[in-house]
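Before any questions on binding or motion, here is one chain by itself as structure tokens, the form predicted on its own.
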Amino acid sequence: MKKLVLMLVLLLTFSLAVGAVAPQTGGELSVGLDADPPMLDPHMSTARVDRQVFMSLYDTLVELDSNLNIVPGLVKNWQVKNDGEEYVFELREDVLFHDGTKFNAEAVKFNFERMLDPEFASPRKSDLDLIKEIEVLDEYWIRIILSEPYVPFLATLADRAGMMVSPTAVEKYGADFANQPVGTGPFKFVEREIQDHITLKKNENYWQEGLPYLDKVVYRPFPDGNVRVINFASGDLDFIDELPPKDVEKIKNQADLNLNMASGLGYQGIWINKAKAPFANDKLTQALNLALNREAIVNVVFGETAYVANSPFPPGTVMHDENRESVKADPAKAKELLKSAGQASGYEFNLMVAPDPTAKQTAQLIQSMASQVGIKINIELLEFGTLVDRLMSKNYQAALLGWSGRVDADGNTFRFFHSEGSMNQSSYTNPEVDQILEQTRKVADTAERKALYKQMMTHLDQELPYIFVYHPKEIKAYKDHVHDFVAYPDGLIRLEKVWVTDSE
């Protein structure tokens, strides 16, 4: 009997040893992105693809876990006081920026003041503009006083507004900081060649002991999804973001490849410039909206990789309204609207589109559907960075582009649809919507907040600063020699705990 027990113990010990493989240090990872990141300064960034690189370069004051709960980051602990108008943060004492300078309360104050400076014109300003006072209590304690309660504040600090850049590097490089980025993240900037690669190396002084495992990460842009997949399959890439929908089954069925697909937080559709003809007239925008068959677009282009959209809130998120109906295509009503707007024969406009095959296919379907009611769309293919620049400068009529989404609904709405939002690229102004969005920032109760967003949608449905088309799922693919990648619903690639084995 004793021999049998001993044998079972040995077998169990062997099984555990085989199953629990310790991470290996060293090696490099090549990551294929869907575009060349336009901006490596988080305080000036507006593109999702930038954030994929930011997750390696920068840390945030607070972080998200894989269930999107807010957990400590560069901030160890926090206290919320005075009915949500005061936040006291205790910072980690063992953190250095990549240039060797200390991360401390003065650095946090510098970062907040940088983003709030009107002359700097940061897209983060509207995330932080309720900050009334920043008080350094000592080297590692800081107090933030808000002008009024701001429920999404911590969620905001888990994103780009909470990414800390080196004050020393900002002062040294000035406007060129984006080309010499310095953060506290697990990897340090090495070099960049536009439209070819961004190379990072291991941060040997990273505050999370033992991390990262990788020695080097190379990000390579492939705007054409087909080319991205070819490079992945051939072995030139270890990991790819934004897998084209048509390749999902092929990757699923290949033994040495891994596919991860999860519901996301974002939305895709058409930005409408309300300050320019023809879209200053709401009826003309409504006609375009009713010309679109969203179900057909999702079925033809995306299949299982997307949902039909009817708001900024995807299925599965807290503010998603299960009872809200999606817009159904109604060509007859679209033609009536055109007639009542004095444009019975239709109208014409330019639609900016990134040169990705999936985006082009989506744009062509929209173009065909609109033509059925007399609306002529001229597709304008632009490099992604150029498209974003045109969008932010409001030098456009319409653009097929979306938003990657945020854990709090405020991040999907306020910056775009408030008249003073830092990314109000639709030139949209509605005092009632402003009031509603300001109120949602003060309300903690989920049901009350949801009712407010429902009111907001009654205005957006009529004025259409944005036409919601679909919600993409987050899709990642990687080789078998890539280990311990954890997919988050926000779709961001976190690499500090990823390790690789020999791919040969």
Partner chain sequence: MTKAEILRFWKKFRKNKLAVIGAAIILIEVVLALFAPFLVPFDPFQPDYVDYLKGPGNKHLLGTDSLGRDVFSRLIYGTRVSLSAGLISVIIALVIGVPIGLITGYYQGFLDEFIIMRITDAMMSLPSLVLALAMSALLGAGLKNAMIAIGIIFTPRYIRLVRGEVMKIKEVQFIEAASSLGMSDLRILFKHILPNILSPIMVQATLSIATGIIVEASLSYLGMGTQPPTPSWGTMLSSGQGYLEQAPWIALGAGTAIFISVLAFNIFGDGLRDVLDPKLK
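Treat the numbers as computed from the prediction; the structure is a model and nothing was measured. Positions refer to the first chain, counted from 1.
The discussion below concerns the form predicted in complex with the partner chain, not included here.
- Of the listed positions (Q343, N273, Q286, Q361), a single one reaches within 4.5 angstroms of the partner chain by any non-hydrogen atom in the predicted bound form, namely Q361.
- For the options D330, E85, D434, D247, the one in contact with the partner chain in the predicted bound form, meaning a heavy atom within 4.5 Å, is D247.
- Partner proximity in the predicted bound form, defined as non-hydrogen atoms within 4.5 angstroms of the partner chain, places exactly one of 94 to 102, 366 to 374, 316 to 324, 70 to 78 at the interface: 366 to 374.
- Taking the partner from the other structure, the partner chain in the predicted bound form has no heavy atom within 4.5 Å of any heavy atom of N231.
- Although the partner is absent from this view, N299 contacts the partner chain in the predicted bound form, with a non-hydrogen atom inside 4.5 angstroms.
- Although the partner is absent here, A277 sits far enough away that none of its heavy atoms falls within 4.5 Å of the partner chain in the predicted bound form.
- Among heavy atoms of N226, some come within 4.5 Å of the partner chain in the predicted bound form.
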